[in-house]
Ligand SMILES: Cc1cc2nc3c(=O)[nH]c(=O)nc-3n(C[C@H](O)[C@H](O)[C@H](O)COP(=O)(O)OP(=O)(O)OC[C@H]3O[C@@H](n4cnc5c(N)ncnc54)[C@H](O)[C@@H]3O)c2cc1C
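Only one chain is included here, represented as structure tokens and corresponding to the form predicted alone.
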């Protein structure tokens, strides 16, 4: 009666991992995706890998194996052979509006590793193909509806006539702007919190003064407007970076900011001989996370159910756990309910704790909260008293708090700056939404005629 046991709509890390596991367990599986290639990353994805530390209630062990890396998800209970090397990062640099530099150095244990998102996808896709998963690329899932015993999905491939596919269970892993979630009414009680566009340049031969480390840049003097740019080291050498924007206001502001930073700012000389490898973008529609990430015969995995990016490792773990849940459902057990318990208690920390999202945002909003002048003065003090430790937890939920506490301890810091930093440390997500709205208003009237092609 059904063409497949399971159809996965969306074949990013969550969808691909789910397809692999279900095929291994003997089910007939098909993957549908609008993309032309499933072994290539198309969207902005900086390549952070927060391993060898607790992050999102997971602990990933990193074991180099020649030109590959075995990643063990110790809590979820599976391994992934990433077909490349990861890069250890022992330093993190923040640069203020006037060019002052704050540096964290971890002497022994890396703050994090970086990886290549395309290689991550390639590893999953190649494994899925070897397992015998059927894929349909250039195919959009237009609609989905419950039918007796399963699901009917309406698809269109290459703009041709609509056709229908059927399955017993449907996996929706189609990202933050999930079409399946919208079609099935899963967003009715999830108010849109923010639209956050981003632009990413992937470049090599970038001439920074730093031997290594990720770099975060604030301020109008550096970006041409209020905002933040992060430079994430690539895996192929010291001069390779992924440069990604976090700028509020109209989407075009992100192009303006990265153009200004790389061509007109005091740091433009870093990029004089740089080579563009690729350009990417993404739109993050941020809804509160689904508390119940399933309905009927449909389960929502990864970003499709999250409030913000689950990142590649988080999405991959969601795919594995989601596949186990689907297999139980197909065997007559309550797998979706068990997955929901994992999702709310053991998956992304921000799923059931909005304060975690605030902690995540604090790194990007230092300058906006404290003011450019104060940040300049604080970083001037920090240049004389850099933070050097044996180990430093680079998790986005912990990074800003550790920096704040170090700044608060600097000799010569004014009492009112300490209090202002304490307010930042305790700030809620609601307070940050107000800051973001002010940034949007302030960045609204940008002269785009200065934007180079």
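Positions refer to the first chain, counted from 1. The model shown is predicted, which means the values in this text are computed figures rather than measured ones.
Omitted from view is the form predicted together with the named molecule, to which the following refers.
Of the candidate stretches 97-105, 135-143, 366-374, 253-261, only 135-143 has residues with heavy atoms within 4.5 Å of the named molecule in the predicted complex. Contact check at 4.5 Å (heavy atoms) against the named molecule in the predicted complex: all three of 10, 179 and 302 pass. For residue 282, a non-hydrogen atom is located within 4.5 Å of the named molecule in the predicted complex, even though that partner is not displayed. The named molecule in the predicted complex comes within 4.5 Å of no heavy atom belonging to residue 92. Although the partner is absent here, residue 47 is a contact residue: one of its heavy atoms lies within 4.5 angstroms of the named molecule in the predicted complex.
When contacts are judged by a 4.5 Å heavy atom cut-off, residue 339 does not count as touching the named molecule in the predicted complex. When you look in the predicted complex, the only residue of 216, 234, 123, 313 with a non-hydrogen atom within 4.5 Å of the named molecule is 313. The contact residue chosen from 175, 224, 88, 335 relative to the named molecule in the predicted complex is 175, the criterion being a non-hydrogen atom within 4.5 angstroms. In the predicted complex, the named molecule lies within 4.5 angstroms of at least one heavy atom of each of the following residues of 14-48: 14, 15, 32, 33, 34, 35, 43, 44, 45, 46, 47, 48, in sequence order.
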